[in-house]
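A lone chain, given as C-alpha cells: the form predicted alone.
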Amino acid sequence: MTFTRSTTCMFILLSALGPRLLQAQAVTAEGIVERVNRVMSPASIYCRAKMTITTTSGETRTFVYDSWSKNHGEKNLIRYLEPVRSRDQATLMLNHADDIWMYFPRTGRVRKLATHARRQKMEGSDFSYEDMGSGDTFVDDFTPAIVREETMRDSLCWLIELTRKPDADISYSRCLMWVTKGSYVPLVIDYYPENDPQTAEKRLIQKRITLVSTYPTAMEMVMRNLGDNTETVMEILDISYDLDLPDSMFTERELKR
C-alpha cells in the first residue's frame, strides 16, 4: 500500500482526534446526569445561607441558617440563626427527606412530620423539603434523555429531559435541565407537577458559579413558582466540602443541642 502525503496527514489528524471523537461518542444522558449528581451532591457539605422569600403580595421574609449534609445528601441537618423568632429551630432530614423531624426551642420538643410533608414548602419558601434533601433523585427517580444542544444564559448546554420512573415516589412528573458542557452545572431546571407534565410548575436558576475546592458551586439560587408568582432567593454566605461529619450530628438528640 502506497501512502501519499495527504494520506499521511489524514492519518496523523485522525490519530490526534481519535480520543476526542471517542469521548464525544461516549456522551450519554445517563453519564451527563451522573456528572450533574456528583456536582450537586458531594459526599459532605457545610454551608451558611440566606434565604429571602418574596410572597404573592410582594412582601419579603428572610432566614439565615447553617446546614450540614452527609452521604451525598442522604442525611441533612438545618439549624436557623435568623430571624430571632426562629433562632435554634432545627430540621433533620434522613433517607433523602423520607423522614423529617423538627425541633422547636420554645417548647423544647421534637416533632416527626408525616411522610407527605417532604412535598411541603420549607418555611413557606418555594423550595420543598424534597428539593432540599432528595440527594440522588435525578439518578434514582428519573429516566434521562438528551433533547438537543442549545445556548442558555450565554453557555453551551445539553438540554436533558428527565421523566419520572413508574415506581418513583417523587413530586414531579418530569424535569427539563440545561447542563453546561464545561462544568456539568445545571444552569436552569424546570419542574413539572405530577398531574401536568406539559406545564412547568417551578423554575430553578443557578447563578454566580464559583469553583470551591474543585466543586463548581452556585453561590446564588433562585426558585420561582410559575403559577403562584412567588420567588425564593438562596445566597451562599459560606461553604465547605468533604468534611468529616459524625453520624451523631444527624440524630433527634442533636436537634435539641
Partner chain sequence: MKKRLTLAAAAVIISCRALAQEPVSLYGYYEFQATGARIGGRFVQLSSNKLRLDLKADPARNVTVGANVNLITWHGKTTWNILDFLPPSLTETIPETVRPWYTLPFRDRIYLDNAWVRIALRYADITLGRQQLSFGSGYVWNPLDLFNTRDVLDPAYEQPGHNALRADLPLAARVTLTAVYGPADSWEHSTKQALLKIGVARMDITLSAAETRWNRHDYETVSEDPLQPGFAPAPAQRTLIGGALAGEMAGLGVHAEYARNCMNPGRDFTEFSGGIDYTFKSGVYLLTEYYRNSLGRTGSGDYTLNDWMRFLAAEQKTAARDQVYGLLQIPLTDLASLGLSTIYVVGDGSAALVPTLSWSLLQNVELTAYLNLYTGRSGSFYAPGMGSGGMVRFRIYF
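Positions refer to the first chain, counted from 1. Here the structure is a predicted model, which means the values were calculated and not measured.
Beyond what is shown, the protein has a form predicted together with its partner chain; the following relates to that form.
Thr55 is the sole member of Thr199, Thr28, Thr55, Thr210 with a non-hydrogen atom lying within 4.5 angstroms of its partner chain in the predicted bound form. Only one of Asp66, Glu34, Glu194, Glu220 lies close to its partner chain in the predicted bound form, with a heavy atom inside 4.5 Å, and it is Glu194. Taking non-hydrogen atoms only, Arg148 never approaches its partner chain to within 4.5 angstroms in the predicted bound form. The closest heavy atom approach of Gly108 to its partner chain in the predicted bound form falls within 4.5 Å. With a 4.5 Å cutoff on heavy atoms, Asp136 does not count as touching its partner chain in the predicted bound form; it lies far away. Within this chain, Thr143 is remote from the site of its partner chain in the predicted bound form, having no heavy atom within 4.5 Å. Picking from 210-218, 34-42, 184-192, 56-64 the stretch near its partner chain in the predicted bound form, with a 4.5 Å limit on heavy atoms, gives 56-64. Contacts between 213-240 and its partner chain, taken as any heavy atom within 4.5 Å in the predicted bound form, involve only Thr230.
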